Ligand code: MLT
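Heads up, the chain below is alone and in the form predicted on its own; it's given as structure tokens.
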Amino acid sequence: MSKVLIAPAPLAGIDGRFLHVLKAAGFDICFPKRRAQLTENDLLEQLAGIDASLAGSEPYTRRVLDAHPQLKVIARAGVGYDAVDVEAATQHGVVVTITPNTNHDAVAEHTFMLMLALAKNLIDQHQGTVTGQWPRQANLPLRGRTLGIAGLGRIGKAVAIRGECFGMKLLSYEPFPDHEFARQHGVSFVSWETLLAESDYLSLHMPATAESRHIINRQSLAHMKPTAFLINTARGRLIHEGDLVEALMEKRLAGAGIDVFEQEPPGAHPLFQLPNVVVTPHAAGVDVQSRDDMAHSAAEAIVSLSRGEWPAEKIVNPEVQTCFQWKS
């Protein structure tokens, strides 16, 4: 019987559709020994005898893949796959899949939660009120302000639609622009430098690539308004965190809403000491609906591949098809 590891901690103890799909296909279901983000060492131990991983953000490194040649599929419950060494996976004949169209609305909602928390000074107002103060003040609007969207893919588009509803001016930097969407929703495409300079709220929705690594750094931050806010619900490596801390401390940036970090969990981080920062634990893409949709889609990809089918729209490394085999 083929075995599947259900790696993401949010799926532990959930009787979701993904379990029914896998069990109906005859899979043996395994869960991690501890309910936490798995490390490389955890994977080295817990992938023993596993044919497919329904994966979260844990690191599928070359070391992990070398140690487990029996692994056939890494099915990410999500759309990012920078935690997977895709080159190593392909060399080992491992199919890597993602779950498109499952969590873009969740990320967009979370993006606006961070944006509103900063604009409306939510943390200070809450803490002041519950400690007996009455910290009333005039806070900032979203309406009429400029929302800069770095990356207008599925998630960026979902953010733009919500920004339109808030009455914001919409700008986007996007190397492969969808002009029809932009026309329908009032989005203006601009250069990276213009996006930085004109955004009151700059929201990052770019993939993590060699080119985008630390695209937010001392130089780019210097182009932003000192009254602007930076939101990152994409990937931690887009931001040089030391440069961001410096800009926030020196009040060259008004604030930041951060859901993702270069190292996760980040441990004791300098950002946590700053009053103009709101942080969450890489939670933007996971609400109860998107969690279930992502897990279900990933489970379906595993089952399809086990049956000799090829869910091309989900597969990251299609070149592996020539050497992929499912043998239990």
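From a predicted model like this one, the values you see are computed outputs, not experimental measurements. Numbering starts at 1 and follows the sequence shown.
Here the subject shifts to the form predicted together with the named molecule, a form of this protein not shown in this document.
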Q.
Can you work out whether residue 294 and the named molecule are in contact in the model of the complex, taking contact to mean some heavy atom pair no more than 4.5 Å apart?
A. yes
(Q) If we define contact as a non-hydrogen atom of the residue within 4.5 angstroms of the partner, is residue 152 a contact of the named molecule in the model of the complex? (A) no
Q.
How about residue 46 - does it come within 4.5 Å of the named molecule in the model of the complex, if we only consider non-hydrogen atoms?
A. no
Q. Even though the named molecule is not shown here, does residue 103 get within 4.5 Å of it in the model of the complex, heavy atoms only?
A. yes
Q | the named molecule in the model of the complex: contacting segment from 64-72, 279-287, 38-46, 296-304, heavy atom within 4.5 Å | A | 279-287
**Q.** Heavy atom within 4.5 Å of the named molecule in the model of the complex - the one residue of 157, 235, 145, 110 that qualifies
**A.** 235
Q. Which listed residue (96, 171, 256, 79) meets the criterion of a heavy atom within 4.5 Å of the named molecule in the model of the complex?
A. 79
Q) Is any part of 1-35 within 4.5 angstroms of the named molecule in the model of the complex by a non-hydrogen atom, and which residues would that be? A) none
